[in-house]
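Just one chain is shown here, as structure tokens, and it is the form predicted alone.
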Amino acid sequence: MLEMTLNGLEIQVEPGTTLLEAANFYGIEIPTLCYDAGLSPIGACRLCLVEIGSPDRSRLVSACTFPAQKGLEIRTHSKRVINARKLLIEMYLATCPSSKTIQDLASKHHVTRVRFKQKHDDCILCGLCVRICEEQMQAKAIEFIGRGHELRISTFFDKKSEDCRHCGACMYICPVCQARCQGPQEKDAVCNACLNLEPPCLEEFEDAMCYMDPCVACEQGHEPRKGCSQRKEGS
């Protein structure tokens, strides 16, 4: 067993466990867009970033691909991590504002503005469709095509694939195929219809101390317990 420190808690995990799997096992939720438990992880969306190392010499790594190591210090909800996640969600909102999945992430993580030019694309290049087609459906009918800013997902040579069985798995797993609640005629880049604008929580704290989702105190409308993880916008 490997001994590590997760948000100040001494934990033990099996060798080969990723940081995301370790956090999920101990009940700490980390957001993802490109991860699925039945597929190989690639760390494409970067939303699962966590901070490892001592506070004065730390770095951000993708939790879904980084393996557990003996003596590792991990912080899943530090200020640095939360700011990075908010920026990434803001960028995804600018890319695919019509996605309900991304809009829900924005509300959950209190992202209320988009400072980037909206593109209204239909793909965030998470690779879920490519992996489920190859690894689960055994078809490999689609693949990443091109490089850099020309990277996209398509069939080989952009021709109709004879390997495609029209199973719909690629559409089922796609995080941007489901339209947001307002339908295709949304006016703003950010919906925030599900955002709780005034959570009864701490106004400012460096790290989250309560990792229950949802927070019991907030959901029941009681006075927040000391160390509640939810926070107001801007904290």
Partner chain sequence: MRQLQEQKASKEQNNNNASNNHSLVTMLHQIQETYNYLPENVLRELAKEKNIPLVDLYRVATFYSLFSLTPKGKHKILTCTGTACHVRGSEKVTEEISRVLGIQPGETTEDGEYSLEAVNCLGACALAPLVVVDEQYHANMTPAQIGALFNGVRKSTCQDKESSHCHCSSVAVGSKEKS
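Numbering follows the first chain given and starts at 1. What you are looking at is a predicted structure, and each value in this text was computed from that prediction instead of being measured.
Absent from the display: the form predicted together with the partner chain. The rest refers to it.
- Using a 4.5 angstroms limit between non-hydrogen atoms, residue 39 touches the partner chain in the predicted bound form.
- Of the heavy atoms in residue 14, some are within 4.5 Å of the partner chain in the predicted bound form.
- In the predicted bound form, at least one heavy atom of residue 145 sits within 4.5 Å of a heavy atom of the partner chain.
- Taking non-hydrogen atoms only, residue 140 approaches the partner chain to within 4.5 angstroms in the predicted bound form.
- Between 117-125, 69-77, 149-157, 82-90, the stretch whose residues reach within 4.5 angstroms of the partner chain in the predicted bound form through a non-hydrogen atom is 149-157.
- For the candidate spot formed by 101, 104 and 207, no residue has a non-hydrogen atom within 4.5 angstroms of the partner chain in the predicted bound form.
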